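There is one chain below, alone, in structure tokens, taken in the form predicted alone.
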């Protein structure tokens, strides 16, 4: 047998594999998974029935055009169907955006730390990542991001709220930033956690897109809508970008089960808003408790909180797991903790209360 391996792209040697949140109950007593920003509630009313009905025909290919879902999204957001594109979660659509805009010699700007997939999908496309540090308050430094734009810049990600810090940028600063971005550079407003925002100063990206042809908005059904296991996300963008997204989509990537579940979820929005409201209330309870314990926690508008722990990060995560909850550590930086079931949140807060606040 030959010892020569097939030739693979050299760039892959230095690209890390995406690390998902560790599941509960693996290698320890943890019973609550607070590591993946999942919705702790079961599917919304009508979703399970729609998925069960769709399962009877999964011997057939799904509707590649996602016709029913596109119609629902068009009505829900008041945008033309030609301005919509779907994909396997918002991260799938993000990768399509990179395929459509960026390659070797191009640059992609994003804040850091931000969504862990950005550097991975950027480098897979062959483009050069340009990471701009967050401010000391763990917020996007939009002025520095604008200063980083060059004639090689093709795409800019703005994650709002930011993953993993939960922080947001406000309307005035975002508008000022967009005014500085050249018209031929695509700005992607990644709004995976939009439904959890309660700060009225945070703009809805869809309203910005309406006035700016170089703005694309990413949304997902994985978080608030509770369809993380079905992988369906979408983009709202002006027609040239939306057309490019449909060209770069994996054929039949969004299953019929996912399409029907997303449609049913959109139609159960009243129940959704109630559940999101409950999670936001629980978020406030956790934030108040952490601050009362002496932690410095950035204001979060997502369904998670961020503790900056530096070199103590992995130790804190291990203590949490031994106590019964799994959190998401970013070695050397901090932990992201999803707002989950009250029982799991209570365990996390008890660990935080007894853990030294300073290294």
Ligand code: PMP
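What you see is a predicted model, and the numbers here were worked out from it, not measured in a lab. Residue numbers count along the first chain shown, from 1.
Absent from the display: the form predicted together with the ligand. The rest refers to it.
Contact annotation for residue 275: none of its heavy atoms lies within 4.5 Å of the ligand in the predicted complex.
Remark: residue 115 counts among the residues lining the ligand in the predicted complex, judged by a heavy atom distance of 4.5 Å or less.
Contact annotation for residue 190: at least one heavy atom lies within 4.5 Å of the ligand in the predicted complex.
By the criterion of a heavy atom within 4.5 Å, residue 174 is excluded from the residues contacting the ligand in the predicted complex. 222 is the sole member of 214, 99, 167, 222 with a non-hydrogen atom lying within 4.5 angstroms of the ligand in the predicted complex. Of the candidates 122, 265, 90, 259, 90 is the one whose heavy atoms come within 4.5 Å of the ligand in the predicted complex; the others do not. In plain terms, the part of the chain that comes close to the ligand in the predicted complex, with a heavy atom within 4.5 Å, is 159-167 out of 277-285, 243-251, 159-167, 176-184. In the predicted complex, just one residue of 229-251 lies within 4.5 Å of the ligand by at least one heavy atom: 231.
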